[in-house]
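Starting off, we have a lone chain in the form predicted on its own, written out as structure tokens.
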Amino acid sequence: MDPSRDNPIIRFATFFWGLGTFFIFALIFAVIWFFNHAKPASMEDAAAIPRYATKAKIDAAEAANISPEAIEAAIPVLSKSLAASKPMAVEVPAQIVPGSDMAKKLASAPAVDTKAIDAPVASDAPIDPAVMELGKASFMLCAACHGQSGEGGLIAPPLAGSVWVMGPVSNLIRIQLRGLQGTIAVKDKEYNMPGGMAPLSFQSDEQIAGVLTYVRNSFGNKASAVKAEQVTPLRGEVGKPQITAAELTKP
């Protein structure tokens, strides 16, 4: 028997060498685990999951309704249209805090009588081709959700054959100026766009009249043209919360 094996100093050193080797490997594994282990999701990460899901839906709907080539072709047209827009002073804020003085002021403002705006007009009256061209250019923005042929998408209702489109003109003007939120039924199907439709009040009265005339007379639709003079009286709607279907005149 080797007497060195009974040497307590050697045994003591061997024990601590083994113990040290163990801790070195444990430390290496701990470092590897620390840098590769996914941190638990925070509350913000958890809240972001439905937002990402909604964004994916919208992206899919846009990709299905309008091609990248169509977007590229629309950019110069829209740029020209925006450059030709007349700047307008902002008299009311775009967002209203519920219960605020501004919200109370707008709520107490007298409602515009829409009877004259919605007065029946012959739908077979000739429509200015220039107005249709202006409307077609502005519609490229709408096509991202409603489809290039007004067929609608996953989240936005169709414009083709819609009684809302061919119904009272004031409805369409108010939607353009205030946006739309909540559920709306179109062709026996309910739509509720996440976040609602944003207001497009940055457009001039002529542009709004043009795009509404275009959708009312395209995709198989046939209705009277919309005039800028019909838009002007409803400019006071700008700044109010997004309108709901319940606030609109039934078509």
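Each residue number is its position in the shown sequence, starting from 1. A quick note: this is a predicted structure, and the numbers were derived from the prediction, not measured.
One more form of this protein, predicted in complex with a small molecule, exists but is not displayed; see below.
For the chain shown alone, residue 81 is not a contact residue for the small molecule in the predicted bound form, no non-hydrogen atom being within 4.5 angstroms.
The shortest heavy atom separation between residue 159 and the small molecule in the predicted bound form is within 4.5 Å. Under a 4.5 angstroms non-hydrogen atom cutoff, the small molecule in the predicted bound form lacks residue 170 among its neighbouring residues. Though the partner is left out of this view, residue 212 does reach within 4.5 Å of the small molecule in the predicted bound form, counting heavy atoms only.
Annotated contact segment (heavy atom within 4.5 Å of the small molecule in the predicted bound form): 149 to 157, selected among 149 to 157, 112 to 120, 71 to 79, 125 to 133.
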